[in-house]
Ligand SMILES: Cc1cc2nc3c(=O)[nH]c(=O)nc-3n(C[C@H](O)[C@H](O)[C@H](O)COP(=O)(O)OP(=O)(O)OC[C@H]3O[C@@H](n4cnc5c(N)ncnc54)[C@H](O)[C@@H]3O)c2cc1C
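Have a look below at one chain only, the form predicted on its own, in structure tokens format.
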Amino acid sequence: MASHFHQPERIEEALRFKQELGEAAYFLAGGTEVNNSKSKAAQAEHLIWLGKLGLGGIKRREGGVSIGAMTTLQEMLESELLHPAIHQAARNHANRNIRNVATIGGHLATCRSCADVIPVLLALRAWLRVATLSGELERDIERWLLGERDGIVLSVEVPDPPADLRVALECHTRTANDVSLITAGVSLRNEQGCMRDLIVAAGGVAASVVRLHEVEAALEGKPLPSREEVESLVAGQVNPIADIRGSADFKRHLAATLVERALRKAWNR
């Protein structure tokens, strides 16, 4: 339980707090992780609240939409500025009580393996604006997922997709109030009967959401193959762990099924 609560009013101040306090401090956004007794954040001695930094809101920018890091998932679900696939991904996340406080910045900072919104951000080629003590920078979301998580996420930048881009999502959850067990997000263009610019992202199959680059390379420039071929291809590229929510074999089968469904749904749109 935290014994110190900090309320910086400038981004530089928040970053300095974190630099000085190190692993004894955690940034606090919506608080869904800090209030999770099983998380590391719940054991933090210092909490650095980001609520006074003006990082909320969804804005139209030239060439795309900017989602402030303190924007809640419910606000994303209800925003007319965002792609329908983002609405669907946000809707899949637990329940409205959690979505009302959970923020997109916290969603990315936590990087849960089965995160609902991250696969669609990858599918839409979104990127991050991140503040560090060295200055503001742009960060590729995949690099962020792979561990380059320094600084504070300022916003998620979602570029306008091409008119012919097809996006589809699938997820599996045990109950309507649970986090997803496996998530899948894909995007592609159908060019003369062949898949182009293919992105395949899956959650629940590794330490964080991952792009299945081998699957993308195998299918790029080809018509969508049979269900069995796609499922076999995906199953060979995922490595989930066994836990109380399912065996590794079950999760591997489920991931293969969901990715295939998402691909076929996007292909048929």
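Just so it is clear, the model here is predicted, and its values are computed rather than measured. Sequential numbering from 1, following the sequence displayed.
What follows is about the form predicted together with the named molecule, which we do not show.
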Revision key, fill the gap. Exactly one listed stretch (161-169, 189-197, 78-86, 108-116) reaches within 4.5 angstroms of the named molecule in the predicted complex by non-hydrogen atoms, and it is 108-116
Practice item. Please pick, from 122, 156, 73, 182, the one residue with any non-hydrogen atom lying within 4.5 angstroms of the named molecule in the predicted complex. Key: 73
Review point. Just one of 50, 210, 67, 234 has a heavy atom within 4.5 Å of the named molecule in the predicted complex. Which one?
Key: 50
Exercise for review: Report yes if any heavy atom of residue 30 sits within 4.5 Å of a heavy atom of the named molecule in the predicted complex; otherwise report no.
Suggested key: yes
Check your understanding: Heavy atom to heavy atom, is residue 178 within 4.5 Å of the named molecule in the predicted complex?
Key -> yes
Review point. Looking at the partner-bound form in the predicted complex, is residue 128 within 4.5 Å of the named molecule by any heavy atom?
Key: no
Check your understanding: Does residue 219 reach the named molecule in the predicted complex, with heavy atoms at most 4.5 Å apart?
Key -> no
Practice item. Would you mind checking 68-96 for residues with a heavy atom within 4.5 Å of the named molecule in the predicted complex? Key: 69, 73, 92, 93, 94
